[in-house]
Structures are given as C-alpha cells and as structure tokens.
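Consider the single chain below, provided in structure tokens and representing the form predicted on its own.
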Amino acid sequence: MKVGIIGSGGREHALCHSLRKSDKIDEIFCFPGNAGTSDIAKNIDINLENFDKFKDFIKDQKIDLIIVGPEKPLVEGIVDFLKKSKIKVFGPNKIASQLEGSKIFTKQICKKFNIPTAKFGIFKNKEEANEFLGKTNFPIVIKADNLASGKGVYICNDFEQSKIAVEEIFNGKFGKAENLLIEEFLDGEEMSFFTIHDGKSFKIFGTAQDHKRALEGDKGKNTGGMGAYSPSRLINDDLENKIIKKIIEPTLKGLKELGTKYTGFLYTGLMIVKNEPYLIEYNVRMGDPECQTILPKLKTDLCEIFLACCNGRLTDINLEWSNKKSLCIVVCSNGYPEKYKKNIEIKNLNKIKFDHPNLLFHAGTKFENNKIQAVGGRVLNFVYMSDDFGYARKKIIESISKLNWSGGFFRKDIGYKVID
C-alpha cells in the first residue's frame, strides 16, 4: 500500500522511519518532508492550504492512507475534508482538534466536567488583562489562546514580565489573538502522557518528559522542545489510573456531548503535584520531540495500528514496547527561538554511524545542490536507546561532537532529573 505523511519536522521523519519497517507499505510520500525523509520517502512540495489540489494528488497517486503530523491542518479541518472524499486519514476531526486549537475550548470542558486544571481567567484585550495582573499574585502563567507551535506560553514572575507577554500576544506574535488566558502557576513537575484513539476505545502510547526552555537548567525562552526522555520518571500505576479517570475519560465524554468522537494521537500535557495530575493543555497530535523519543521503542507494526484506528478496531491490536529507555537531544540553529539564519550547510553527518540504537531524525533541513542545509529553528534530533539514561545522553553528545556544527547549539543537560 501507499502512505502519505503531512509535515516536515522530526516527528514526521520518526513516523516515516517507523512506517518503513512495515511489510504492508510499498511507498511513502511526505508533504513536504525534509532532508532526512528524502532518503526513505518521496518528498512532495505541495500547497497544503489548497485542500482540493492535495486531494487530487492523493487520488492520482492512489495513496491508501494519510497521516497528519502537525496541528495546523488538523485544526483547519483537513481530516473532515479528506473523509468526505472517501480518503482514509489518521487524525482527529475539526471539532475534536479544538482541544489544541483553542485553549478556552479545553478550559470550558474542564470546567463542565470537573477536570483538574489550573484556575484561569479569559481576557479579550490588553486593558482587561493588565488591570487583572496589577492585582494578582506572582508567578502567573499567560497563554495565547490560538496555535503557537508550543511557544505561546509565558511564566511571569512580576508585573513587567506579564505586561510584555500581554503586549506580544495581542500584537500578533503567534497569529491573530482575540483572547488570552491567565492561569494560576502550579508548582509541580511536567509530564507528557500519550494515548491513541479509534473513536470508540483508546490505548496508552507512552510517557515522556519534555524540556521546553532553550537554556540549560530549564532557563531561557520557551521553545517547541529542546529534548525529551521516555518513560517519564513520574509515572506509576496509581497516577496512570488518575490521569485516565480524572482527565482523559471526562474529556472524551465532553466531545461526545458535542456530537463528535476522537480518532488519532492525543497528547495530554500535565503538571504533577504530589502524585496528582492537573491538565496543562492538550495537543491533538504526537509531540515533537517526544515522538522521536517514544516511537523507536515501539515493536508493533505502526501501519497496523493506524489502520486499526481508522477502522475502529484498536482493541484488536496488542501494543508491544521495548523495555529500553530512550533519550533525545535537539540541535537548534543559533538564535532559536528568536531570529536565526537559514540555508546554513551541515557537514560531517557522514562521519557518524546511525543505526539502532543510535538514531538521527531530521527536522528543519532540506537537501539542495547535494548539500544538507538547515532551514528551521530545530534542525536535528539525536536519539539513543539504552538501559541507562546517562549512557544514552553520553553517546548522543559524542555524536554531536563528531558533527562539530558551528551553526547550532544544544542542551547538554537533557534528562538531568533522572541522570544528575
């Protein structure tokens, strides 16, 4: 069969790498893909805003299954559109995708179904927000309501910081913002909890700890993710049960009341306070870089899993996992998450041997004029699987040292809470 993957990041390269192992698949297309996917799939540069043109390409090439990697096409309703054309597609529909598309949508479900989350307020303009902030206790969390690629969250320690956050959000730093959220600060530890759904049932798809801040020691600006490790050090049977009963099941009930169901990956971003889970946010796709960290541990055929979800028979599939620990470090362009140069050549990749358990997933790269070039903020994802997180990190840093790329930087402390 033929499979198509939408997206160009490390997550999509990891999906491509995993699907390539399936004996069901003859050909993979990536829309648009990156330098890494070009080695194992056909990269197609097509305007994904033009749903009709995309649909025609799928039909012409007789692609059997489409997997949607990033959130934007999901929120814009690509799943609904393709399903109307009888195209098999893995991912949540437009209504369900509002769980990520609008933080306010999610908070309203939390309120109705008593899902544990931070107390919050919704503000429609700078004046309202700043008036509230002038009377509040710090630290406080300020969030853009719309999609922000993981970067529209500010943890503010004083009024001046919060004023800058409000200004940037309403001035359109993350796209047009009609609302913002101000939340209480929860003092705990973050965890990413993944499930996969077929509209009727779901299964757990692993846990991870992401490192969002640009600098070591969790300092600096928020990013899309500087690295991750899996499994999370926080997970236990009791906590897992609480997450499912208090957060995921009530959310699915809320969607059902809205006349819809959930199919696809669901990424539940949590704050764990004394073994109690609080919902921070939902993402309606696999995380990045968590996907790159978790997928190498999967033993079951990923294509079989996706098909089972599309056909409403996930209960027939047994998910098998390696017991190994997995760690990922992201190499970013200098200047990320702010301004950075593009089209910077990356040499020396051929000096490093990549093979299980030492893996490389490309993100912001392209292959042009026989050169691999960095074109994005997050560029390369180095992953290593081991019985020991410390050993995995050591091996990754050895590989990055061989790369010796002056155009980028990375965090050397990924996984410090389980290693140092």
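We number the residues from 1 along the sequence you see. All of these numbers come straight from a predicted model, not from anything done at the bench.
There is another form of the same protein, the form predicted in complex with adenosine monophosphate (AMP); it is not shown, and what comes next is about it.
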| item | value |
| --- | --- |
| Proximity to adenosine monophosphate (AMP) in the predicted bound form, single hit among L186, L82, A308, I122 (heavy atom within 4.5 Å) | L186 |
| The unique member of D301, D218, E76, E281 whose heavy atoms fall within 4.5 Å of adenosine monophosphate (AMP) in the predicted bound form | E281 |
| I317: touches adenosine monophosphate (AMP) in the predicted bound form, heavy atom cutoff 4.5 angstroms | no |
| is_contact(E168, adenosine monophosphate (AMP)) in the predicted bound form, heavy atom dist at most 4.5 Å | no |
| In the predicted bound form, E128 touching adenosine monophosphate (AMP) (heavy atom, 4.5 Å) | no |
| Adenosine monophosphate (AMP) contact at N222 in the predicted bound form, heavy atom, 4.5 Å | yes |
| One stretch from 332 to 340, 242 to 250, 345 to 353, 152 to 160 that, in the predicted bound form, holds residues within 4.5 Å of adenosine monophosphate (AMP) by heavy atom | 152 to 160 |
| Adenosine monophosphate (AMP) in the predicted bound form reached by all of L19, I67 and H197, non-hydrogen atom within 4.5 Å | no |
| Contacts with adenosine monophosphate (AMP) in the predicted bound form, stretch 108 to 144 (heavy atom within 4.5 Å) | A118, V141, K143 |
